[in-house]
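There is one chain below, alone, in structure tokens, taken in the form predicted alone.
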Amino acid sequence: MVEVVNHEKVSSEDISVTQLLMKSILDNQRKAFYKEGTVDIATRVDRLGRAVSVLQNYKKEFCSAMSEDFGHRSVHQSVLTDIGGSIASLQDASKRLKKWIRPQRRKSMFPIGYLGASSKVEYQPLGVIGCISPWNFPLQLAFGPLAGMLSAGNRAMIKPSELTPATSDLFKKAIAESFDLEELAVITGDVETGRSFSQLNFDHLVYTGGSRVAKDIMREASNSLVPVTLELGGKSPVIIGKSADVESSAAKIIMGKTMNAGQVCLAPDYVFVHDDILKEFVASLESAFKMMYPSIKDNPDYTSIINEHHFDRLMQYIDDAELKGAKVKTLNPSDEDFNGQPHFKIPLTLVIDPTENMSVMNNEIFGPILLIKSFSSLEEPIDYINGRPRPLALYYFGHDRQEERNVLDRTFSGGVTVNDVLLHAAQDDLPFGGVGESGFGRYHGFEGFKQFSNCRSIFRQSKLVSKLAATMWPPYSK
């Protein structure tokens, strides 16, 4: 027995029906793809435009649904990230598609290139792409990859998270009104539905979420040799150099850490601060947080933790750190009592000088907890970062170009923002993705278009080269 999105109990027979339905949709999309043949630019632009219209037409409803799923979610944040961010990606793809789709001339091997032969690369759609999107940004992390999929000429099936049922149901309804099932389909359901989804014989599969589930998805996809793109997050570090503007750096980190209550794969996880400015930095964090959130409990700008399970997980991290000797500082400007609250809000909590035996140091936080570690030499944070799994993002604050170059050259991460946080991922012309345990594959912009295309090599032989080549065929002689 499993629980699906409408919270009704269903049997294994019902699961089999769901599997057959998903396979039927995939088969019909693939047949339609082959029947369509060449996907012209006008068709691709039209599909991207319809996706934009879905977001524009259901803007208010989507924001309400996301807030319902979270218990409370900042409407302004939802408009900025899930609605505005998604529209920007789709529109950017539409504007630049003519350039992306243009065949690329390549150099032919000497001397045949001078004798009439030619080489080029054409970008061909893969076919049907599957996308398993997460709960933390339920629209942005579905429509973001979709911009690359549709611009490349593919059809797609999306499985949104079961943890955001109201948003997922509305997403399915809105897409069905604007797209034929053979173009784009949304599959709602629980964990078992997601597992069955990952077993489908897609031409490519995109998953955003945790590494444990990613391993299961890769295992399932490998049975059909389905290539995958994984965006997995991790513990993204920050280095605050001595040359940094402390007050400005603290404010930007507060903004990035409190967005979506820290439930962001790119959120700053732990901060290395030079000894000389540690006290000033902590004081600046407190000041910036108080300015942005003078209250928390009933503040519409401060988002709730998604559910009780994740709330309890985060509180256990805090209790464990305090028990094991870390200095724990709760930023609660109005001294509010959070017992009996209607949501699962957690004030931003600073954990200063954490040790490696603390659970908060060994797990991706995904919540409003910020770890702060001091250093005296730049070698300390560089060695520490390189001794851990490679993160999705890395942040450096400072105005010492030599130090900045040192950090960039000697650390590894999916992406970097200098003197701010998160914003490299908001640039549609920059590829987005992880490295190592934070994932692999890229989307956004041209890299997303290429990720969901077959870069097809085409060599055209000339009559003259054919005649010359024939002199080198067997039987061989001196």
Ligand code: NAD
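Numbering starts at 1 and follows the sequence shown. As the structure is a computational prediction, the values presented were derived from the model and not from experiment.
Absent from the display: the form predicted together with the ligand. The rest refers to it.
Proximity to the ligand in the predicted complex, defined as a heavy atom within 4.5 Å, holds among Trp135, Tyr302, Trp100, Phe344 only for Trp135. Residue Val191 is the only one of Met255, Val191, Val79, Leu181 with a heavy atom lying within 4.5 Å of the ligand in the predicted complex. The shortest heavy atom separation between Phe432 and the ligand in the predicted complex is within 4.5 Å. Residue contact check for Gly116: none of its heavy atoms lie within 4.5 Å of the ligand in the predicted complex. Among residues of the shown chain, Arg106 is not one whose heavy atoms approach the ligand to within 4.5 Å in the predicted complex.
When the ligand is considered in the predicted complex, Glu231 lines it closely, a heavy atom lying within 4.5 Å. Look at 273-281, 359-367, 148-156, 396-404: in the predicted complex, residues with non-hydrogen atoms within 4.5 angstroms of the ligand sit in 359-367. Within 4.5 Å of the ligand in the predicted complex, a heavy atom is found for every one of Ser161, Ile217 and Leu392. Contact residues in stretch 67-101 (any heavy atom within 4.5 Å of the ligand, taken in the predicted complex) are absent; none meets the cut-off.
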